[in-house]
Each structure stands twice: as C-alpha cells, then as structure tokens.
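Both blocks below hold the same protein chain, though in two forms, and each is given as structure tokens: structure 1 and structure 2.
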Structure 1
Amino acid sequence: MTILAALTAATLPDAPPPGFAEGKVSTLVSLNPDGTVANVTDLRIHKGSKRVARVMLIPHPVKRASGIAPNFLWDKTAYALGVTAGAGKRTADEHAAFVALHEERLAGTEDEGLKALLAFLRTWSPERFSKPIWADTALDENVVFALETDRQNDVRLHDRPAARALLAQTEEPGETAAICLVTGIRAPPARLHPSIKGVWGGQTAGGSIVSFNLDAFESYGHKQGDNAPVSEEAAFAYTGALNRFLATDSGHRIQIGDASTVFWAEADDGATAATATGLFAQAFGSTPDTRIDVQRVGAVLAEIQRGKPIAEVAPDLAEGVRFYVLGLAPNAARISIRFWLEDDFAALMHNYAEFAADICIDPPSKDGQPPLWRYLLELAVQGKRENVPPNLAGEVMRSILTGGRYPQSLLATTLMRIRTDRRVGPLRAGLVKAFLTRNHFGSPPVARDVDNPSTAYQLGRLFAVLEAAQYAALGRVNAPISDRYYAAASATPARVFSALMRGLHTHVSHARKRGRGGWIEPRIEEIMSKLDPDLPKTLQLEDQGRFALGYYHEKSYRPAGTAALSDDEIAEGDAQ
C-alpha cells in the first residue's frame, strides 16, 4: 500500500466526521435569537499552572497563506469580531470577509441559530469588545458561537443539523474530476491539502506532504493539486489521521533524531493493535503509555531483547498484525518522508531483536537497554538533540526496521565523535559493534576478548593499559595520553605507539615507587605477544572501530574479585 492509502485506511476509533477537524477554541459566545450577546464563556481548561484552549471538533479550517480567508462558523477574534491585540492593519478587512462569507453562505437560512449569528454579525461592532463581558485573554484565540438555549446541552452552532447540512454540501460539481490516486475513484481533486501539524521543527502553522508551492514543482501545465489528483475525501482522511497520530501524547509518535516518527497497527481487534503500538513505542523510545498494559509490554519487550521470537512471547501479536512506520522531517512549509515501512509486526520485532543483539555490549550501559534516542545523542555535537546529524538518524532507523545494513556514515560519525570527545562509553562502543556486525566486518566480541586476532583490537587494549599506567604513576593529570594521542593512536599506530612505549617505562617505575601497578607489565607483555613487531602504519575506518572496541573493553575491565565498576565509571564514557 502507498503511504497515503495506508493513512486513509488507518482505523481511528474517534475519527472526526467529514468536514470537521479538531481545533483549539478558547471562547464561546452564546447568542439570543435576536442576535444579541447573552453570555461569553471561557472554554479554556487548566493544565498545570496555565490555562490552555480546549480541543473540540470544529468545521475544517481553511488553508491560510498570506491572503485573507475566513473560516465558517468559527475563527480567531480578528476575523470573527474584528479585534486583535496586535497592530491589526487589516483586521477590518478580515472581519469584513468573515461577515461577507456568512452573509453568502447563510443567505435564506431558516435555522434559528444561524439566523441569530447573521443578526449578530450585522449589528456587531468591534468597539463593543470591552470588559466586563469580554476578557482580553480571548484576544487572538478562536471563538465559536452557540444559541443560549443550546449552551447547557453543549451544542454549538456548527453542531446544529442545519449547519451540518450546509457543511456537507461543499462538494463542487465534478467538471474537473480526475482519478484519485489514493482511492482510484473519479472525484474532483483537492486543490490544497489540509495542513499537517506537529512535525518537530516545522512551521507552527503546519506543513504539507502533498504541495506544489513553486512552479518548478509543477508538470504538464497542471496547477496545484491537479499535479497529483487526490480526492477531497482522501485528502481529509489522510491528513486527519496523520494529525491525530502527530498530536502530543497520542501514543503513536516518537522522535528519532530530526524525524518525527508516527506508527500504527492494524489488527482484528483494537486491544491487540494498541498492545503492538505500545510495544513499539517502548522499544524505540518514549515514556510508557499508561493506556495500555505497561507491565505486560515491558515483560514482552525484555524477552524480545533477550532474543526470544515473538511467537513464543506473545502469540496474539505474532500473526495478522500489520504495522506501519512513517518518519517525517520538515523542510520549511513542506514535509518530507524520511522513511516508510509497512510489514508484519512479527517481522518488525524480529528485526528489532537483531538490532538489540547487534548493539549489545559488555559491560552494558548502567540503565540496561537504553532507548534509541540515547544512542543517537552520542552522535551529536555536545550531546544535544538538535545536533543529531539530520538524515543519519532516519537512515539508522530504516536499517533497524528493515534489517538492512547500517549507513556507512554511522561508523564515520561515531568515530569522529570519539576522536573529538576522546570518550568511548558503552553506547558508542555498542554503535561501533553493531555496525561491524551488521555490515559484514566479522563478528566483533561482545565482551573483552584477550585472544581476538584483530591487531587493531589489541592495539586498542594496549592503549587503554598505557593510559592506566600513566594514571597509576601520576594520578589525574590535566592532559592524559588519551586526550592527546587517542586520535593519532587509532589512525596511525606506528607513529604514536613507539613514543608511548618509551613513556611507559617511566610510568611503571613511578608507579612502583608508589606501590601500585604491578599488573601493568604482565598485561603489556600479554598484549604484545599477540602483536606483530611492525605496527600498521594506518588503520582503516573499520579497524579504527575495532580499536575503539578494544579500548572500551580493556578500559572497563576489572579482574574478578575486585570491586565491580561503579555506575559513574561506566557512565564516564557517555555524555551526561
């Protein structure tokens, strides 16, 4: 199925009726039948210490760019009432357009409520917006209308049957009909598609997946939506579903680097779909969703990470559950597709288990199996989320979901971060190991492996011992050898190690005077016995990865019987 078709077919338990969408409203104006204002109600709800607008179903918003375009039966105060907190150079025009639209569309209506709105608009003047009835907090927020008699029953003007009938007949006659590429049915194509909101880093007004905002994007003389005929109905359906998934706390979204990722499941019954969605959410990232059985999901996930097939752990999820993952990244007013995957849930979880096995390292990170975003932060300058290399995050996610190779830049970026920060923690070591395993560079060891045949791995171990020798001799120094020589040692060992080995003897004798470091010389000898006397002049990228692994394993190694590593020591290598 295509992306749009899958979104259109996604089952939403409480999908808005056609022509309606969810919108934020903060004020309700109730009217008497003669058009006078009976009451003004503040609809905002408490959220923490703040009051935020209430989300309710309203007629679908028009697409506003820079022009003036009023909404039907609701709008922000500049349009609906002609008042704004800002400078408001064109507020009068906006309000006039709002009135004109309603005069046109409500002409000849017999409905009591709609007649009241018309009467209100004819008599209203912006000067009347004053205390005590009107509060300044309503300014520039959205306003809906109701009949005073309907107000107690929670019925707004747009909920009245007459209004719904008006909203339903917006279909234009089909002289421009074309085949809808989502449904395959002949229908008038949507010229502009509704906005998609909630993509991280995008414009607050929302963006579009299907848009043709410059003439270089148009073909065969087609304008706007004719370039890709999608029926109005399908356009509303897919954007509605996407907006629902992208909403905060929807339980259907996670952030993977710069890609806002939405996912959903299709199953015979809703509970199974919800469990699958929850499992995915927890595997890749966010806080557990309280609406599902958290304990079960946690237990199932732990079993999968241990490598058990899903058919054994959760047979109800193993068959007949289709799963969809869509990664979206903003590009100004447009939204681009980073990755798209549609597969059986069991296949997806199988791929996830392979990833978990790839990235597993000993000693592990202090918090067990960290979510993916923690790994991605290791690739970012200063460990900041906005610095995660764009595109790389999406490509890594794609590799995990499809079971394909990791992008080459994953290793390059990880090693570059290691060289700049001179830190190798369990997460970075895990990333390097995952890359080497999956991309067919042999099977690197999970835990310290003294007999590993790789020269680079042994050199990494040697470097860690040299660093430890310096520590044993001098304690904490300003510029330990790892700070000064890690990059050179991992890239051009022959040039660096001879100098470091000369320093070693001084360090060992110093340490001995302090009564420490008796273990150093035997360990050095053990490692040297596995090395060719001619050290390699340069190490390739994969070998630099093995070097980092050996360094991590040796640095975090403590002989049995001594105290285990404290959390701080393990965490030292990771960004805090």
Structure 2
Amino acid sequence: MTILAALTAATLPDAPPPGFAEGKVSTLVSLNPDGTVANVTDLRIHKGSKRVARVMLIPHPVKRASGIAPNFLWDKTAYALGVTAGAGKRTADEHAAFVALHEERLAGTEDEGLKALLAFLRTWSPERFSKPIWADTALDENVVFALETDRQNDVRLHDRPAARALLAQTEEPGETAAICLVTGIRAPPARLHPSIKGVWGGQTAGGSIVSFNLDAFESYGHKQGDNAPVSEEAAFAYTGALNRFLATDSGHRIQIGDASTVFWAEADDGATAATATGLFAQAFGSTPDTRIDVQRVGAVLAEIQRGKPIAEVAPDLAEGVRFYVLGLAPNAARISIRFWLEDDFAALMHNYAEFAADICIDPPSKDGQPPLWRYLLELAVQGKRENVPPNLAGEVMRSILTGGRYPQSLLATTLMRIRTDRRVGPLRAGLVKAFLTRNHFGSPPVARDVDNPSTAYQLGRLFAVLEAAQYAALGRVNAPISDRYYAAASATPARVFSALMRGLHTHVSHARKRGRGGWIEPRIEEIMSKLDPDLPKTLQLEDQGRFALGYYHEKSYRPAGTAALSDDEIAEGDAQ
C-alpha cells in the first residue's frame, strides 16, 4: 500500500468531512437576516494564562503564496472585514477579493443565512470596525459568520445545508476526469493538494508531499495535478488524516531527531488499534497517552523489553493488527519522506525487542529504558535536538523497525561525540554495543567482562584504571588523562600507553601516602596478563567501539557491597 493510500484508508472516528479542516477561529459575527450585525462573539478560550483561538471545523483553507486568495465563508479580518493591525498595503484588495468571491459563489442563493452574508458584505465598510462592538484583539484573527437565530445552537453559516452543498461542488467548469492514483476511481484531480501542517521545522503555512505549483515541475504538457492525478476526495482524506496525526497531543506523533514521526494502526476494533498505538508511542516516546489503558500498556512494554514475545503477553495484538509508521521532515515548502514502514504490529514489536536487547548495558541509565530520542540527543552537539545529524534519526528508526543493520554513521558519530565531550555514559555505551552486536554479529559484553578476549576492550579497561589511579593520587585535577589522552589512546594505543604506564608508579606512590589505591596494582596486573606485550599501533573504528565499552564498564565498576555510581559520577570518573 502506498503512503497516500494508507492515509486515505486510515480510520478516524472524528475525521473532518470532505472539504473541511480544523482551523483556529477567534471571532464569530452573527448577522440578522437583513445583513446587519447582531452580535460579535469572542470565541477565544483560556489556555494557561493566555487566551487562544478556538479550534473548530471550517471550510478547507485555500493555499496562499504571495498572491491574494480569499477563503469561502471565513477568513482573517483583512479579507473578511478589510481591517488589519499592520500597514495593510493591500488590505483593500484582499477584502475586495473576498467580496467578489462571495458575490460569485452565492449568486442566486435562496438560503436565508447566505443572503444575510451577501447583504452584510455589500453594506460593510472597514470604518465601522470600532469599539465597543469590535475589539482590537480580533484583528488579523480568523472570523466566521452565523445567523443570529443559529448562534445559540452553535451553527455557523458554513454548517447550513445550502453552504455544504456549495462546498461539495469542487468540480470546476471544463475539468477533465482522470484515474485517481490513490483510489483507482475516475474523478477530477485536485489541482493543488491541501497544506500539511505540524511538521517540526516546517513553514507555518504548511507544506506539501505532492505539489506541482510551478511550470518547472510539470511534464508532457500536463498542468498541476494532472501530472500525478489524485482526486479531490482522496486529497482531502489523506491530508486531513495527516494533519490530525500531526496535531499536538494527538497520540499519533513523536519527534525523533528532525523527523516528525506519525503512526497509526488498523484492527478489527478501535480499542485494539488504540492499544497498539499507545504501546508504540510509549516504546519510542516518553509521555504515556492517558486516553488508553496506561497500566496495561506499560506492563506489556516491560515484558517485551525483557524479551517475551508479544503473542504471550498480549495475544490480541499479535494477529490482525496492521501498523504504519511515517517519518516526515521539512524541505522549504515541501515535506520529504524520511522513512515509511508498513508491517504487522507483532513483527514491529519483535524488532523492537531485538533493539532493546541490543542496546541493553550494565550498569544501565538511572532512567531505566530511555526513549529513542534520548539516545539521539547523545549524538547531537550540545545535546540539542536540532543538532542531531540529518538523516541519522530516520536511518536508525528504519533499522529498529525493520530489524536491519544500523547505519555505519551511528558508530562514527557516537565515537566522535565521546572523543569531543570526553564522556561515555550509559546511553553512548549502549549505542556502541547495539552497533557492534548487530552489524558485526558479535557478542559484546553487557556488563564488565574481565575475561573478554578483545585487546581493544582490555585496553579500554586499562585506560579507566590509569585514570582512576591519577584520581586516587591527586584528587580532582583540571586536566585528567581522559581529557588529554582518550582520543589518542583509543586510536593509537602503542603510542600512548607506554607514556601513561611510566607515570603509573608515581600515582601509586602518591595514592599510598593518602591511604588509597591498594587495588590499583592488582587490577593493572590482571589486565596486563590478557594483553600482548606489543600493543597494537592503531585500532579500527569497531575496535575503538570495544575500547569505549571496556572503558565504560571498568570506570563504572563498583565492588559488591558498595553503592552504585550515578550517571554523572560515571561520566566524571569517580570509579574506585
């Protein structure tokens, strides 16, 4: 199934009807039948300490670029009333276009409400916008209209049957029907598809997945939507579903790096689909969706992370649940597809369980099993989401969901951040272990392994002990050996370790004077017994990963009976 076909078929109990979309409206103008203003109602609602516009169904907005394009039966005040808070160099033209549109589309109407709107527009002048009836807070906000008799029943002009009939007339004169590439039904194609809003980093006005808005994008003499015909009905359906999924707190979106990721499930009943969606959101997000059974979802997820198959812990989710995951990223006025996956939910959870096993590390993070975005922040400069390397988030997500190999850039980026920040930590160690486990078919140790045969792993352990010896001798110093030598020791050990070993005896002597460090020499001897006298001159990237693992395990090691280290203590080098 294609992306657009899956979105068009998505089950949305409260999906907007064709031709409608959710929009923010601040003001309702109720009219008498003769077109005079009966009331002006402030529709804003309280949200925290602010008053914000109310979200309601309105006729689908037109796509605006630099031209003038009015909406039907609603618009911002510059178009609907001819007033704006700014300079408004073309406000008169915008209002004239709004009036002309309604004169054309409402010509000959017998509906009382639509006739009242026409009468209002014919007699309205912007100078009448004044207090106390009109408030300045309404300026540049969206306005809808209603008959005063309908206002009490919460019915607007665009809800009246006559208005809905006009909105359903999407076919333009001379329009040629074509086979819709989504539904396979012959119908007039949409010229320009409705905008998609809510993609992180995208334009406020929204973007498009499919668009032929310039001649340069057209081929074989086709115009706009004729180049890839998608019917108006299908265009409204897929954009409506996507806008609903991308809405804040929809329960169908998470942010992974720069990819706004939406997901939804198809099942025989809505409760099963909602549970599957909630399980996925909690696995990859961090905030449980309170609209679902949070306790059950949490228990099922914990069992899956322990390696139990979903058929045992949630049989109702193991069969007959189809799941869809779509990653989107902005690209100017367009939206690019980072990744797209369609599979059985049981298969996705099986792959997720493998990822959880890959990334398991001991000692773990104090936060338990962090969501994926927490791992990706470890790869970003200054830990900022906008600094996550482009494409990496999508490639990692695709590897997790499909069970494929992790991108090579995952290991390179993780090691680069370790060398730059001079900090390993449980999340970075987990990423290194996951990469080595899956991409090199090895079994890197989950916890400290003193008998591990890898030279790189033992060198990492040795470096951690040398660092701890310096700490035992001198306490905290401004430039510990990890700051000065980690990068060189993990890449060219033969060149660095000989110099470090020469300083060991001095550190041991100072530590003894402070009554500390009796464990250092036995630990050094134990590690050196597993190393060849001729240390390797260089380590490949994968061995540098093993070096980081050994360093993390040894640095975080605490003998039985002593308190465990926090993540910060591990990062700062407080190992015994």
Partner chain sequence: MLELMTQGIRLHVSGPFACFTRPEMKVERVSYDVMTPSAARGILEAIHWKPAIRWVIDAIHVLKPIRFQSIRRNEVGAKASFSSTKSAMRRGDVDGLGLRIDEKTRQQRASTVLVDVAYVIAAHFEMTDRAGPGDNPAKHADMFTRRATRGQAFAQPVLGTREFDARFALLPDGVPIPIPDDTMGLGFDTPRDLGFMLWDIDHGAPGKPSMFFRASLANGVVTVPQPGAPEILS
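Rigid core (definition): largest C-alpha set, two forms, superposition within 1.5 Å. Structure 1's sequence is the ruler for residue numbers, which start at 1. This one's a predicted model, so the numbers in the text were calculated from it and none came from an experiment.
Only structure 1 is derived from the form predicted together with the partner chain. With a cut-off of 2 Å and the rigid core superposed, Gln305 has a Cα displacement that falls short of the cut-off between structures 1 and 2. Here Thr149 does not count as shifted, since its C-alpha moves by less than 2 Å between structures 1 and 2 after the core is aligned. Core-superposed comparison between structures 1 and 2: the Cα of Tyr375 travels less than 2 Å. Overlaying the rigid core between structures 1 and 2 leaves the Cα of Asn213 displaced by 4.4 angstrom.
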